[in-house]
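Presented below, as structure tokens, is a lone chain in the form predicted on its own.
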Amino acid sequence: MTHAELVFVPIPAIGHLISMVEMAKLLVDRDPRLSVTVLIMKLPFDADVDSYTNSLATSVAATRIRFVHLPCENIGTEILGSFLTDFIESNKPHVKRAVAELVDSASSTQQLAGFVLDMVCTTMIDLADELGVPSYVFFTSSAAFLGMMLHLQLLQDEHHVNITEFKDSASELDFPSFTNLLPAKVLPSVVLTKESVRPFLEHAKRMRATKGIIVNTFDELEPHAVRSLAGLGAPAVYPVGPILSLNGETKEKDIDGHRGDDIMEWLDKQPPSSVVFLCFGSRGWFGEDQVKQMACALERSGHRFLWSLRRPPLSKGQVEIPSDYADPAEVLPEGFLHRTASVGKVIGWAPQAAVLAHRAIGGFVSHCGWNSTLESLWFGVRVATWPLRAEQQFNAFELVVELGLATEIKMDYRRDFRMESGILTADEIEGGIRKLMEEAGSESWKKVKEVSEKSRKALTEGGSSYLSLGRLIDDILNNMPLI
């Protein structure tokens, strides 16, 4: 039996890396003919990624997944420049060398079947072409966002539209991947900034040349968006989600070595569906003025709360790595922790999946990162949207308006690329929290519970994502180059 070896190239951002490793597990668990080599590009500054990658050797039991750590490139950390592009380009020689060694060491029954590339690693397609093997893209965001990228790339390259003119525009745009008009104000900053729009949309152009795009979504969540992709010139699309990392997210340590025991013990003492959980992802943080408004809103709302509060990064203008406060009282209103001690808990890092799974959680104030969105839906927890950066504004619009699965605190708040939207007031935040927590039984709340059931069925035998994964495996094996 010929074994097909796939080379995975994720970017070392924790949200991308974890979901690609989980994808590798799905493939090798499903078909004994497949094995995966994951190439780990090394960042010089991210402790979360370091901790996760160091744990992989022991946490991943699959004998047909192996990890190759590439040398660290010492490049700058400015997020406003071409950091990511430069970082990926600097790693291409390392990837080429690692794959050459893999091919040289392969047994007579092993064959290189192709590359599976992160959605922002599309320039690595050149390496696959050199080796004469196919490329696939792993898309870590929604089908609707993939549709947006493909549509904007066509507008830019074929209709000569200057996409950056939508910045600060009040117009509403017609996107094939949405049934509703999309406000220009929720487009991601990366397409509204002249330095970044062309390289970003170049990824969409390169994706068209691949054998297929693997999307972390499922048909039942985004039926219209998934159907729209063929008309936008996408190659084969495989919705195989939700791909989540849930195993091991219990009371034990998470990827960065923290322990969540005291958090879970506190939740155990709370009534069912009574706690609002505030958590803003691995890059989520706020300045002191905004923190005080959030505290005021929580206290006035009267609802029980669990608040993951992170310290801003030490250096402004660099890749944002928040940390935990030694004492959160230093940024909170005087007496806040004492006054709310009976109903609330302020923490640093949070074991997010374990918290969302807990019966005490009744709502989730979220930045709307796609992984967090899929986790909240999996556990049937309704979201109040407070996006910060990247495509999160777009995700918030999809959740609130397109899918009717969330309520809004704010949809067009943003903080990346210096496109600051100011501070949300305590009144705005309190209103969102009250709407989130006091609408149990609403149509939106019922829809979240229904989608939760559908997300689980999609992965079971005969489910939509199960069948899509089977098609992907068949295509991988059929697209292998002839020896």
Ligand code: UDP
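For every residue, the number given is its place in the sequence shown, counted from 1. None of these values were measured; they are calculated from a predicted model.
There is another form of the same protein, the form predicted together with uridine-5'-diphosphate (UDP); it is not shown, and what comes next is about it.
Figure legend: unbound chain with uridine-5'-diphosphate (UDP) modelled from its position in the model of the complex by local C-alpha superposition. Site open, with zero ligand atoms within 2.4 Å of backbone or C-beta atoms. Annotated contact segment (heavy atom within 4.5 Å of uridine-5'-diphosphate (UDP) in the model of the complex): 280 to 288, selected among 404 to 412, 296 to 304, 111 to 119, 280 to 288. Residue contact check for Ile14: one or more of its heavy atoms lie within 4.5 Å of uridine-5'-diphosphate (UDP) in the model of the complex.
Contact between Gln392 and uridine-5'-diphosphate (UDP) in the model of the complex is found at the 4.5 Å heavy atom cutoff. For Ala234, no non-hydrogen atom is located within 4.5 Å of uridine-5'-diphosphate (UDP) in the model of the complex, even though that partner is not displayed.
Taking the partner from the other structure, uridine-5'-diphosphate (UDP) in the model of the complex has a heavy atom within 4.5 Å of a heavy atom of Trp370. Annotation: in the model of the complex, residues Ser308, Trp349 and Gln352 each come within 4.5 Å of uridine-5'-diphosphate (UDP) through at least one heavy atom.
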